[in-house]
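Okay, so here's just one chain, in structure tokens, the form predicted alone.
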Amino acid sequence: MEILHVSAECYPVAKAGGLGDVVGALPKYQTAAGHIAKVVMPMYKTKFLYNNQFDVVHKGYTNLGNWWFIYTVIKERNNALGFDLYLVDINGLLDRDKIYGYDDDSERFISFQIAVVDWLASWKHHPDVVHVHDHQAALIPFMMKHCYRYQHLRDIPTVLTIHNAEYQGWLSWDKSYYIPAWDTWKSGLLEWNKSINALACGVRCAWKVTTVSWSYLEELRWAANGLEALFEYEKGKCYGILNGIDTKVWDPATDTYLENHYDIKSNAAGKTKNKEILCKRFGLDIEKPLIAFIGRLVGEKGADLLAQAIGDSFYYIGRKMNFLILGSGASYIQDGLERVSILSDGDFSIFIGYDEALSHVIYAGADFILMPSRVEPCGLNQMYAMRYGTVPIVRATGGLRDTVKDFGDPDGYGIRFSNAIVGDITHALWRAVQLYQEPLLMEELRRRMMRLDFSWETSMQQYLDLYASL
């Protein structure tokens, strides 16, 4: 089977979140299983681009409305990622340092999608499935079906995976001419709430739709940033498939970012050595439990609650724990956390930005990982943490609910709380401090977590079964 994945991100080429991790892993496992998996994404100015060799495989000429442009498709020469990687270059539009955050992002990603479909239209053969990811690729099923010049592609099955429905790719109708000439009788497929909505269009036009956890699929029917009715209506073609993690990259026994490796049997000593590195670097107390947060400092992740939750924990529980935060995001959240940092007494530190190497050491050295998310379609951090024997403290939502079982339940191993509010978070932190005082139970939970299988094999087979059904 030949699968073409279309995405705005792919680790390690360019990554802003979980989308990049998934698109960097799923095709690799599909290829290893004997299939032909390809990834096409925009050509950003990244280290990967300059550190690897590429060959030009296609040049095309097409248009975004009244603007005609040349695009180039290049292929990574040495199969460095374990699958075929293609990058689309549109001079001056895609070749930028950042993935997102530009005023013309709509033009950038619509042009990218047009170029991908135009390139696909030139193939002498067709892939068995075109698998598009999130709103940056969600117009492709519509273009393949209803744009006149590409209608010979309409019989190729398409799958849309929604990694986060909060972002939908809205576009005003005065820019509808961006889309290559299309059947205007189909305008209803593009529209949601009086504007063009790329994600809604993808849900309507893709042959099948998946979300990245079972619980998130259910949640979208009552919390989908305005698309609730659509997910209720289209529920018959929607499936929840839990993300996996790349267990070769995320393995404390071989992790290249770690100085001190360990496995299930040696987890206590290994984690202690990595914790010592963190505490020395950030001036924290090695004797206290280390509670970490890794991620974007935005409301969606519950990061706006962290400053008060940490302050309240120090007040009500006492200064019995360390906090370490790695991330960046909203300036008001960063400012609030930095104010807490100023008042800390060797028990709180924050690193603004993102550091891949540091994140691995934190997973290995922290005792707990905190995820108070308001929205978490799947979540990978909790899976990474458990792979490294770090107890997750999570709000029971989306994929967090599907992957973390409270240690108070039979065969449980994590800490769950119900609401994204400061009171629930501080109570969960109190439970973590109490748990830390029981080293034998901590050791049992670590071993239990590290035996869990969150690899891609099971999830990959579910995708393959879905493809085959088309």
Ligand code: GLC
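Throughout, we count residues from 1 along the sequence that is shown. Since we're looking at a predicted model, the values are computed, not measured.
Beyond what is shown, the protein has a form predicted together with the ligand; the following relates to that form.
The ligand is not drawn, but in the predicted complex it has no heavy atom within 4.5 Å of R339. Within this chain, E300 lines the site of the ligand in the predicted complex, having a heavy atom no more than 4.5 Å away. Among heavy atoms of N243, some come within 4.5 Å of the ligand in the predicted complex. Although the partner is absent here, C378 lies within 4.5 Å of the ligand in the predicted complex, judged by heavy atoms. Only one of the listed residues (I310, M144, A206, V212) places a non-hydrogen atom within 4.5 angstroms of the ligand in the predicted complex, and that residue is V212.
Among A14, M449, A25, L19, the residue placing a heavy atom within 4.5 Å of the ligand in the predicted complex is L19. The stretch in contact with the ligand in the predicted complex, judged by heavy atoms within 4.5 Å, is 379 to 387, chosen from 185 to 193, 379 to 387, 114 to 122, 277 to 285.
Taking the ligand as it sits in the predicted complex, the stretch 145 to 177 comes within 4.5 angstroms of it through a non-hydrogen atom at H163, N164.
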